[in-house]
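Okay, here we've got a single chain as structure tokens, the form predicted on its own, with questions on binding and movement later.
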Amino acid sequence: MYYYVYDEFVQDAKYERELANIETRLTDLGISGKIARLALFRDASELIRDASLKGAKTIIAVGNDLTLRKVIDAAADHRSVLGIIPLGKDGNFIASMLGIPNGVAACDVISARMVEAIDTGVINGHRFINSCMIDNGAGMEIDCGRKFKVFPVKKCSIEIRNLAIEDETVPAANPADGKIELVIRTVNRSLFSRKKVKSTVVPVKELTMSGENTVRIRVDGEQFEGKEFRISVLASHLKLIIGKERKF
């Protein structure tokens, strides 16, 4: 049974027609199901738990990356298959990585049901799919699985990657290798004031980042604050619906 979780923002009137088209297409494909609508006092975990007890095996988030953040823990706990129908112009990086098109076109990908098990990261007890990012990690202590420590002393960005595309300085992260990647990026300037980014990549299974000051960290687009972050990986832990155009 399919269980569709509508994020609060998609209930805006501007999405009414698109949602109607999505629901019609899902019915045509024979994969319509129960719909739950998130709201301020409606917890996604409770909704998914109740749905799972009633036989729901596939959870579809209707929204964006932050919607996935709201449902991933409960979906993984109940061993559900997780998919997404992305809506809106922003905040759909993970859907793009999974090869899921925006709007009604996603319904056909959901129906094709290509499922792959990927690793998930865990930060302070909560799962993530893509990455965690700190804009300036200078002064933090990074304990890499009690094997060695890293002490960034100059301004740098720190990223913990699970599912991520390649960029100018680092290759794509493999979300099925049982590891996460610690990426430390520093910016140096040449004699002609040109910026040059230097990246250090360290594959690990767990790490702890801590510091004296409170720092902000973005986890799959959601922002948190803290002085200590314990991060690890759960290998092949999450079953995701992917498209043929996936980027990993």
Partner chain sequence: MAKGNGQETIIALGVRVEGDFVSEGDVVIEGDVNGNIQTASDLRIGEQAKIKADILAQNAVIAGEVRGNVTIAGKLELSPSARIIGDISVDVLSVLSGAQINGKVTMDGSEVKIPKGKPGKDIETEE
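If you're wondering where the values come from, they're calculated on a predicted model, not measured in any experiment. Numbering follows the first chain given and starts at 1.
Only in words, not in the display: the form predicted together with its partner chain, which the text now covers.
- Only one segment in the set 151 to 159, 129 to 137, 73 to 81, 98 to 106 has residues whose heavy atoms sit within 4.5 Å of its partner chain in the predicted complex; it is 151 to 159.
- Mapping the unseen interface onto this chain, Ser199 counts among the residues with a heavy atom inside 4.5 Å of its partner chain in the predicted complex.
- Interface residue remark: Ile31 is not counted as part of the site for its partner chain in the predicted complex, having no heavy atom within 4.5 Å.
- For Leu66, no non-hydrogen atom is located within 4.5 Å of its partner chain in the predicted complex, even though that partner is not displayed.
- Interface membership of Glu116, defined by any non-hydrogen atom within 4.5 Å of its partner chain in the predicted complex, is ruled out.
- This chain is drawn without its partner chain; in the predicted complex, the residue among Thr214, Asn188, Gln223, Thr27 with a heavy atom within 4.5 Å of it is Asn188.
- Along 159 to 187, these residues reach a heavy atom to within 4.5 Å of its partner chain in the predicted complex: Asp177, Lys179, Glu181, Ile184, Thr186.
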